[in-house]
Ligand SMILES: Nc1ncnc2c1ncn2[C@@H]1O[C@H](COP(=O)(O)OP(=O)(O)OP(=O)(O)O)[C@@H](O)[C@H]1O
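The data below hold one chain only, encoded as structure tokens and taken in the form predicted alone.
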């Protein structure tokens, strides 16, 4: 288990102090995939680097499996880091080494025999689907293949924890989905606890169990992905769930607008069909975005209600009677 207690990080630049993290408190349970999401500059990359003490916190504690990393000696910390793999946005592969030697590199630092290194590297490259690329160099690989090599290298020391710092940001949508599926498989088959740092809600939705939202150096919201997605409590979380770039620009003389929230209890199609049939009132769909989380449907739909007040109230009454969650859309 990873515990961050009252963690803060302050950088000193010339005579100024820049607060990167402020009083962070997070618990990450063994075996889960935990997401940390925020906009650029929110502090999320600094936070993940504090977990393995690549950045030493200014104050607070990082406790992993009961050990407080901030109290360890340099030698003890290096030993502990073998349990924590890390992958990065830009892969960080050694360009002068081929694929198998990149994966062997962390094992070579442990003075393991070359034969054992090769056996382990081949096993991991099979896991990530690159057993046919052993002699290739990074310059000969696609972005998705480079990240697979980086994942295999991160797993070389059999870590209990895997930290992913914007691991899919440099990839196209197809490779992103492929890498996320691979991380999910690693979590399930190897019981590796994974921490995912990202600015993209779609990454969180795809594989994470719980998520923490970071804004202006502080954690502003934390909970199950399904709960945070359907009932965001802060302005920044609402922006991440339904970004301005995806919002429709409402033009013209539109009437009252409401946002229907699908919380997994039913599909949007059955709700709309029943609403229209039972109220005998058409509605205008302005925006729709639904996703599958934890095997059920979640999402939002913005609709325009009829200008006729009687019809409008008929719809609102129907929604309340059927316990459909909705909010006024300004």
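Numbering follows the first chain given and starts at 1. Computed from a prediction, not measured in an experiment: that's the story for all the values here.
FYI, the form predicted in complex with the named molecule isn't displayed, but the following is about it.
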{"item": "In the predicted complex, segment of 26-34, 44-52, 62-70, 270-278 with a heavy atom within 4.5 Å of the named molecule", "value": "44-52"}
{"item": "Selected contact from 166, 209, 101, 200, since only one has a non-hydrogen atom within 4.5 angstroms of the named molecule in the predicted complex", "value": "166"}
{"item": "Contact test in the predicted complex: residue 315 vs the named molecule, heavy atoms, 4.5 Å", "value": "no"}
{"item": "Residue 20: touches the named molecule in the predicted complex, heavy atom cutoff 4.5 angstroms", "value": "yes"}
{"item": "Any non-hydrogen atom of residue 285 within 4.5 angstroms of the named molecule in the predicted complex", "value": "no"}
{"item": "Stretch 1-40 - residues with a heavy atom within 4.5 Å of the named molecule in the predicted complex", "value": "11, 13, 18, 20, 39, 40"}
